[in-house]
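Just the one chain here, laid out as structure tokens, in the form predicted alone.
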């Protein structure tokens, strides 16, 4: 099994060579011990760890720059506003969006999807209209659309996947009909690591005049994303998946799409004028950013993107590819262990089961060995149903992980098998 094609290491002059020891030194939490064992943090698909430069930026903001934004002319407010909006420009560059106003701050991917459901779906979809999602979706890209179907009388159509966790593109094409109004698909499966061919899927939808939202929560930390090249109508991600703070994320939307959408929330800062008779909304992006935002989170997100740029997204992809390939080879030596999700193109996720042992027991014993993994349905119950398992153990890698940590995981699994032999 192969993974995402390995890119060439970065040769950008201002980006230093990939130095794993130096990178790990930026993450103080990686030096702790759990149960007397060195921590092997392999739960990055749930939430990645935060490097010192991002932590320091948060502290610096709180100590020297904090104030409310867009509301005053004093020094601190202007400083905070500049940092907040400067981070928006960094998100624009990270995604290669055409315009800065196409970046909407959200609390994360979940809110971003709900924003599109409310702002676009409730306005433009109605009784009998159909929405296409895939069998690989996180609950956050299923439940909002089900809510819309319940309210508006729409119908959800599902792209099936095969035994490898690969979407059936022929079946996808056949789902389209005159009632298809929207497609919402994940870029990378959080439960299996499958990298979906979203560019081709977007093109197929656009050929029929259907807009597409891409859930990029699991792709943005691992793959260089270019929304103009993808030509998606919406793309969203969460900061905490890519070494940033929780409670912060972003939605990219084509300006023409965002302009015709209804606001998701009403309140301060998203208006031009308010009377008791009428409200006039502010232009993008303020139209979708009511109330006092997560200012420190936005500033920290900007610092996170600076950090990832210094490491280099291509180098990140290359190292994680190596980790996944090495881990896959090691797992193939383990009898009684089944990898669930063997797509030819994967991000750095290994979802697996140990024969005769409940995933929660596996996770508990691995924790005794200092190995942090995720166990459960991973907010992807339809995936579990497809593979006829109640839950899996999921090891998910980041660019700061090591081959030695993979060995620690494998040794922990061997201990599990010995205990349940």
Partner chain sequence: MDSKQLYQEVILDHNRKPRNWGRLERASHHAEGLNPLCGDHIWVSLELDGDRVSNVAFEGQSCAICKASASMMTANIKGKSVGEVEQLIREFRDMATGKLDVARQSNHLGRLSVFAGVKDLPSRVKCAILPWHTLHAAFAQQESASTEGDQDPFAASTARGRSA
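Numbering follows the first chain given and starts at 1. Predicted, not measured: the structure shown is a model, and the values here were computed from it.
Keep in mind that the form predicted together with its partner chain is not shown, yet the notes after this line are about it.
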*Though its partner chain is not shown, can you say which of 386, 358, 66, 70 has a heavy atom within 4.5 Å of it in the model of the complex?*
358
_Candidate site 118, 151 and 155: all three near its partner chain in the model of the complex by heavy atom within 4.5 Å_ = no
*So which of 53 to 61, 364 to 372, 22 to 30, 38 to 46 is the stretch with heavy atoms within 4.5 Å of its partner chain in the model of the complex?*
364 to 372
*asked:* Heavy atom within 4.5 Å of its partner chain in the model of the complex: which residues of 382 to 421 meet that condition, in order?
replied: 415, 419, 420, 421
